[in-house]
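There is one chain below, alone, in structure tokens, taken in the form predicted on its own.
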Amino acid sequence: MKKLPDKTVERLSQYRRSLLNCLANGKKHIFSHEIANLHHITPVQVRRDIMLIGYTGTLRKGYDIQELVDLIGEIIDTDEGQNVAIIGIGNLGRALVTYLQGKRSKLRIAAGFDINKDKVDRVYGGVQCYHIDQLEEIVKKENITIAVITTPADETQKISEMLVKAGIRGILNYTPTAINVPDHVYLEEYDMITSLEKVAFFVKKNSLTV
């Protein structure tokens, strides 16, 4: 299979979430236009994404939902699963532990890290919190490959360097500070303030035209 674009992988994950909801409601087959309506995109985009992973439906029934879910799983997931660490067990970090734990069988929140001694050696949502000084030791012990950063912004680059040194291969940065990582580390950055301001801008714009 050829290399998939980042945005296609992102959409495949979104498709799987919607398809799992369809299965839970007893639906067995779905057409591209139905998936498109769920995600506010075009049916052409849906068909293009699904063709890239080598799957086709039928004119009469569309896509077999279970088959498509299984195929997306084979592409996105690893057989053995991957372990994730949350760096920074503040309000956001604790919320992510609670939300993410158990959401996907192939992604396990294996550890949390913080510098606050009052949080270290405690368990949050079934996840042990360690001192950041133990990062390299626990990453190796728990075979952690992915980290989510929710620390204060001024610590972000330092933390990312520690993660790379410890052997982390993928980072999701939830702070407003952009970071630099080596090419072999996949980086995804998400700034909630920017996203909220974007929504606020379009609300303002639409309000002026009403």
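Here the structure is a predicted model, which is why all the values come from computation and not from measurement. The first residue of the shown sequence is 1; numbering continues from there. Note that the rigid core is defined as the largest set of C-alphas that superpose within 1.5 Å between two forms.
If you look for the form predicted together with a further copy of the same chain, you will not find it shown, but the lines that follow are about it.
Of the candidate stretches 171 to 179, 42 to 50, 158 to 166, 56 to 64, only 171 to 179 has residues with heavy atoms within 4.5 Å of a further copy of the same chain in the model of the complex.
Taking non-hydrogen atoms only, residue 115 never approaches a further copy of the same chain to within 4.5 angstroms in the model of the complex. Heavy atoms of residue 195 reach within 4.5 Å of a further copy of the same chain in the model of the complex, making it an interface residue. Proximity of residue 98 to a further copy of the same chain in the model of the complex falls within the 4.5 Å heavy atom cutoff.
Within 4.5 Å of any heavy atom of a further copy of the same chain in the model of the complex lies no heavy atom of residue 119. Only one of 129, 138, 75, 132 lies close to a further copy of the same chain in the model of the complex, with a heavy atom inside 4.5 Å, and it is 75.
Residues from 177 to 192 that approach a further copy of the same chain in the model of the complex with a non-hydrogen atom closer than or equal to 4.5 Å are 178, 179, 180, 184, 186, 187, 188, 189, 190, 191, 192, in the order they occur in the chain.
Once both forms are fitted on their core, a CA shift of 2 Å or more is seen for residue 197 between the shown form and the other one.
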